[in-house]
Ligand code: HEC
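Before any questions on how it binds or moves, here is one chain, the form predicted alone, in structure tokens.
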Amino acid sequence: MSRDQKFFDMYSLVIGVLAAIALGIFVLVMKVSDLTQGVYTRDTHEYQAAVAERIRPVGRVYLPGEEHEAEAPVVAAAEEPEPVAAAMSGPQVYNSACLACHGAGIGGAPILGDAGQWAPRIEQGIDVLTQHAIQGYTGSVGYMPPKGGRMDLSDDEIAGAVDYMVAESQ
């Protein structure tokens, strides 16, 4: 009989704890509900207008002989094109796109300011360097992705960055 009593006591304890947890959750939910539902009450004008707007009929039927006013035409404003961002300067392009590789020499990229690394490239001419920067280049030393991986940059912005790097590395 004592085993049954122990089981009954333990069962009652577990049920009591679960009931207390459920009651606590219920009280918490009611409190949160009161705090958040105070924004919309059914008696306010805003609430009533929102409900009326949601349930209004899509159209109306007029019987012959009934008069109605036509709604005023709605004129939609033409969308203005997005302003074109100003072109970035050579140093800005370098700092946003080129610095990752040319700052540390990643992938065989010549480091900005290292005249020894830049000299053979500068000898090829600025046009060749600009073409390699725009179109990409794979050489024996390393790899240059087209536009440094930033396809959103214009050719003129890339050319400005090349001019800046050459000027800083001579």
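None of the values given here were measured: they were computed from a predicted structure. Residue numbers here begin at 1 and follow the sequence given.
Not pictured, yet referred to below: the form predicted in complex with the named molecule.
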Original post:
With the cut-off set at 4.5 Å between non-hydrogen atoms, does residue 141 touch the named molecule in the model of the complex?
Top reply: yes
Original post:
Taking heavy atoms and a 4.5 Å cut-off, does residue 106 contact the named molecule in the model of the complex?
Top reply: yes
Original post:
Is there a heavy atom of residue 113 no more than 4.5 Å from a heavy atom of the named molecule in the model of the complex?
Top reply: no
Original post:
Closest heavy atom of residue 124 to the named molecule in the model of the complex, within 4.5 Å or not?
Top reply: yes
Original post:
Can you name the residues of 142-158 that have a non-hydrogen atom within 4.5 angstroms of the named molecule in the model of the complex?
Top reply: 142, 143, 144, 145, 147, 148, 158
